[in-house]
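A lone chain, given as structure tokens: the form predicted alone.
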Amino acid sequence: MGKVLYIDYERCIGCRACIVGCEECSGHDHMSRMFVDELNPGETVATSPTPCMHCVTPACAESCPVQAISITADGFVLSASMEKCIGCKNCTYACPFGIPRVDDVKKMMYKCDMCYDRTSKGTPPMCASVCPTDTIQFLDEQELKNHSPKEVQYQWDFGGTTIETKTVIGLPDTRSNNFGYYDGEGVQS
């Protein structure tokens, strides 16, 4: 096992440094492959970074009619090859997390490729490098899955279909609220 992207939503302050860092990566043409979502607009200011989940069995790659999306030997799902992608959007419809985007002008899919030019050499992806709150980290996969201080999730159930991802999510601590997450029932006035 190598390193994986770890996301701890409870640490996100919505600064969008991850987006700016991603836009500045070479080869990204100033288009971020990282997104920041508002979790409950109108009710809270909570946000979360949303990268590619790097599925172990990626539906985006399986649905591509021209095999433009490749998977590295260590399991990261790369963005579509510029030479092969035809902009058909099959990948955007197939992804259960709704991550891939298609530039309609260039007829080209783009998504997080884990800054593979950096991570293949052991350097964290740009989003993790610039995150000021350690919401996004590049950590040892085995250590994270077996000894994380928080409960983590890397398997997802989509109507009976289980999808395992290389991106690992730190789940909110709803029992002790040690990390600031409150679900409403634990809030005291």
Partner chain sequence: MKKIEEFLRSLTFNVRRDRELDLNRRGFVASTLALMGVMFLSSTPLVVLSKRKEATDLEMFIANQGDLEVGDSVTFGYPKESDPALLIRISEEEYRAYHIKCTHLMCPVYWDKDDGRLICPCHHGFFNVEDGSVIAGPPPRGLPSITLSFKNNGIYAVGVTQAQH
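Positions refer to the first chain, counted from 1. Since the model is a prediction, treat every value here as computed from it, not as a measurement.
As for the form predicted in complex with the partner chain, it is not shown, yet the points below apply to it.
- The shortest heavy atom separation between residue 143 and the partner chain in the predicted complex exceeds 4.5 Å.
- Among heavy atoms of residue 73, some come within 4.5 Å of the partner chain in the predicted complex.
- Contact annotation for residue 62: at least one heavy atom lies within 4.5 Å of the partner chain in the predicted complex.
- Not displayed here, the partner chain is approached by residue 69 to within 4.5 Å at the level of heavy atoms in the predicted complex.
- Listed residues 85, 102, 78, 99 were compared with the partner chain in the predicted complex; 78 is the one with a heavy atom within 4.5 Å.
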